Each structure stands twice: as C-alpha cells, then as structure tokens.
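As structure tokens, one chain now follows by itself in the form predicted on its own.
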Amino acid sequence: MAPSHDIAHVGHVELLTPEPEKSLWFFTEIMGLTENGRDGDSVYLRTWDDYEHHSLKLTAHSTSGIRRTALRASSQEALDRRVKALDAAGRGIGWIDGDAGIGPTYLATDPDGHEFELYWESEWYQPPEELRPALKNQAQAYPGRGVSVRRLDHVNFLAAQVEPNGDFVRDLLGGEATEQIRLDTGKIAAQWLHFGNKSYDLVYTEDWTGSNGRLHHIAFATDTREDILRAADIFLENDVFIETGPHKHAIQQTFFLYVYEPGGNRIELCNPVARLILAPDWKTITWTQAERAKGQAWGLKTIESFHTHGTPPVE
C-alpha cells in the first residue's frame, strides 16, 4: 500500500550531546552544516539544501541520544488528521508552541518511547547575502567546508520491539514499510518505513540490549558516492572514529559510512543512488535471517556494535 502522504518528510531532529563544543565542531567544520541561531544550551544547524530553518538542533546534555524527531505534515488538514489519530490511540502528549522556525506543534510518542513533534507551519530559510546561492532554486550557497552534506535524510531508532513501532508509523502517521527483516522465529528485527517517494524516512532496529527509547543513528545525504569516499579521508585526518564502511547496504542499496560524533551519537553518511519508490502498490520486501547473514551487498559482515551501540549508552 502507498503511504497516506499526510506526513511530508522528516523536518529536523534534536540531538543531545555531553560534549557540546566538540559536537558543534564536528557538525560545522567536519560535516559542513551552517549555524542558524542559538537558544540557551541549543544551537540550530542546517544543511545547505534543506529549505527550513534548521535540520539539526544540537543540545548540551548530561548524556547523548535523541530528544525529539520532527515531522512536517503536508497541510494543516493532514496535521489535524494525524493529531486526531494519535489522540484517539492514546499516543498524544499535546500541543506546544513551536520551536524556532515552526508553528504550533503536537507532541506524541511511539510505543518504544521515542518522542515526535508534528507541525505544518514552517519558516522557509532566507539566507544572508554571504550565503545567497547563485541558483534561486537552492536554499543556500554550497558551503565547500568539510563533507558539505546536502540534507538530513533519515532517522534510525533502536527499539525493544520493532513491529509495534512499525504499526505505529503505518496506522497513526500514515507511513508504509518498504523493506524489513524477518527472523526464523517470525519476529520482525528491523523495518524501513517511508512517507513519500524516498525509499525510507524512519527505521526501527531491534535493540539487543532490550532497552527502550534509544537512537541507532541519524543520517545525512551526500550528492554522490564519491563524497562519502572523500569524507572517509576527512574523518581519518580529523581523528573521527569510523565504525564501518564505506560500503553498500543490501537493504535499500544505500552507499554508507558510519562514524561516531564526539558526543557518542552514531552518524551515517548515505547516498541512496537516486533510488525512489514510485509504485503506488509497492509490496514490502522481506529479507530472511539467512539472507542477512551474508552481510552487506558486497559481502562486508555487519559488525556486532551495530546491534548494541546506541545512545544514550546503557550500563
């Protein structure tokens, strides 16, 4: 089934870090994001082709992890439909005043405890003169700094149980699963879900520690696969820990590289090689336990930390 399109896309995320200055250095100087305001312990950052006020809200905290994932609705009517569904299911928290750049915002949680904010009203970014792009259909000038990632791409959550959270995205947010992993026991171990024509916007992966509410990673898209190869050298030169990759995922065929930012959060650089889901009657692709044991597309084995490292850390 096709998604309902009530949710347009992932708008931004709020990431927590116990190393705020080092994390800010990583996201601005290494990843190439641009600062767009501050509020208390938080810094608003944006990629060069995201059209909204910010892509990432980086907040100083006692530990790492994700505080909130923001989803922009496709209209006020779509937002109202999603709020009604969330409220009826008992998953809603309620309305708050919008953060910088967004209007009235509705808070909700998935069954695992991850917090979402849904909104419609959004302030389109107006670059200052020094960041004005040569082409008017681009949000800001290409920064040419560090990796210079293009956009926030997706969020991957760890969850004690995957399937109830996938049902939450499908039934209450209007998304659909494009691909999934089913173990020999019948349990769904991971699920990739989308709201539009991108092949995935949110992912749930089984947390082998049995914990709730943790983050696996947030991902930023690059223009090309070659950008990721160059990024690996940039990370190497700047002593950024590379966990795995560069390589190509079998699931979704994404070219990838995973690193840990200084606060401990896992960050993915991804290039989806222009893969889109255009079929309105797309049928979820299911991968078996034996198929996943073969590793990634070119044979790289999935490393143990991929199933256990998440943020915040567990004892």
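Just so it is clear, the model here is predicted, and its values are computed rather than measured. The first residue of the shown sequence is 1; numbering continues from there.
There is another form of the same protein, the form predicted in complex with a further copy of the same chain; it is not shown, and what comes next is about it.
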Please name which of the stretches 95-103, 146-154, 166-174, 205-213 has residues with heavy atoms lying within 4.5 Å of a further copy of the same chain in the predicted bound form. 146-154
Closest heavy atom of Lys283 to a further copy of the same chain in the predicted bound form, within 4.5 Å or not? yes
Taking heavy atoms only, is Thr185 within 4.5 angstroms of a further copy of the same chain in the predicted bound form? no
Is Lys57 near a further copy of the same chain? Define near as a heavy atom within 4.5 Å, in the predicted bound form. no
Verify the contact flag for Phe255: yes if a non-hydrogen atom of it lies within 4.5 Å of a non-hydrogen atom of a further copy of the same chain in the predicted bound form, no if not. yes
Thinking of Asp80, Ala290 and His309 as one candidate spot, does a further copy of the same chain come within 4.5 Å of a heavy atom in every one of them in the predicted bound form? no
Scan 186-223 and note down the residues that get a heavy atom within 4.5 Å of a further copy of the same chain in the predicted bound form; none is a fine answer too. Gly196, Asn197, Lys198, Thr222, Asp223
